[in-house]
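Single chain ahead, written as structure tokens, the form predicted alone.
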């Protein structure tokens, strides 16, 4: 069995006891790495002066070797805070108005990917399968190919892929698209994301489409498929059941004093629709005044990327909004919204999910959203809560039995909250049972195994598109977008 090499921006390093951080993705990848023998490389999270980057920090736990590298302060500013989080993130979440593009940040993004390639190159063995994760590292395969790596390389995008008119608004879009054609297998969260990517290729004549999943370019074939990521379904259900017996769970039930709990759990980000959600909850309480003093919304929103100005401003705005609603509608013995601006451990979250009668998962745009899946897995079979889910979350493509809403429609969402809280037990059980069947059939281990099976499959040797009119670019033509991007004058756009 081939060794697995995983590369991600950050690495979930086990603590001193050898216990890895909790989380379905980390659990699945570590299981795959442990089974095959493997290496996980990424950024340590530390920054240093330009001349102070030392050797890789190696750590071995069981059958897995972890390799961490520091980045310079300039790298962090340009690659991570700059291009990745102030250009790619907003573009992929359809927020052109928040994207700020500059050639310095773009150059830093490609430079750090070259740096990652140089750090990884001496560690690669001939039969390794290489699996690269997320938008921070889109150009990494192209950099490895330029340095002679012929291994099978896969890429999984954890966030949405936007429509061509959105993605092509980014000045360096063609260089990124060209970089992606260097992979053997490209994974997206949904069919819609994969089709958006295929449309982007077609608009720029970068590859010929052979069938639903295969594309040909430069004499080779690569695969692009949806691989919807799951959670560790049975393990999380068991965690939630245990959490219901804890002292924290009992204190929370006591503090509710018979009121129904509505829960929202989101990292602080403009893509999550938190302000629209609070507006909808306020509208629900105003339009259904008989529900006042009978429900409480617990909104858990850990801080995120506080070094980026947009996130700092959003943190203030959400806190002020929650305070305004509490001031307008709250009473001496009832607070409509409990707003927590920090992380909770997974066992605590699992217990809160199990306690809640309704979960509000209403992002404006999301790759998948595993909170939706965790909430479903945490429910009691005999009396499950209701999942109210945005149509613009990737999870809506699988969890069709959720109450689906348009988060931009505040009044519509308010009425959906009312319907969900009044839903009969039999209907709640039917919806939950169908969603739980989906979660069991496609858990995170199935996701991991399916992707790796495709990555390990023998590649197609010849690429002869049948009845395809899209031209295939030559190697020289395919390198032009990157050369052009690196020589483009500095530009800012928003």
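Residue numbers count along the first chain shown, from 1. Because the structure is a prediction, the values reported are computed rather than measured.
Just so it is clear, the following notes concern the form predicted in complex with GDP-alpha-D-glucose, a form of the same protein that is not shown.
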- [ ] With GDP-alpha-D-glucose left out here, work out from 330-338, 167-175, 295-303, 400-408 which stretch has heavy atoms within 4.5 Å of it in the predicted complex.
- [x] 295-303
Open item on the list: Residues 265, 366 and 369 are flagged as a possible site; in the predicted complex, is every one of them within 4.5 Å of GDP-alpha-D-glucose by some non-hydrogen atom?
Closed with: yes
Task: GDP-alpha-D-glucose contact at residue 353 in the predicted complex, heavy atom, 4.5 Å - done: yes
TODO: Using a 4.5 Å heavy atom cut-off, state whether residue 346 contacts GDP-alpha-D-glucose in the predicted complex.
DONE: yes
Open item on the list: Residue-level contact is defined here as any heavy atom of the residue lying within 4.5 Å of GDP-alpha-D-glucose in the predicted complex; does residue 158 satisfy this criterion?
Closed with: yes
Task: in the predicted complex, residue 181 touching GDP-alpha-D-glucose (heavy atom, 4.5 Å) - done: no
Task: Contact residue in the predicted complex, from 379, 420, 189, 113 (heavy atom within 4.5 Å of GDP-alpha-D-glucose) - done: 189
Task: in the predicted complex, the one of 131, 270, 89, 284 near GDP-alpha-D-glucose [non-hydrogen atom within 4.5 angstroms] - done: 89
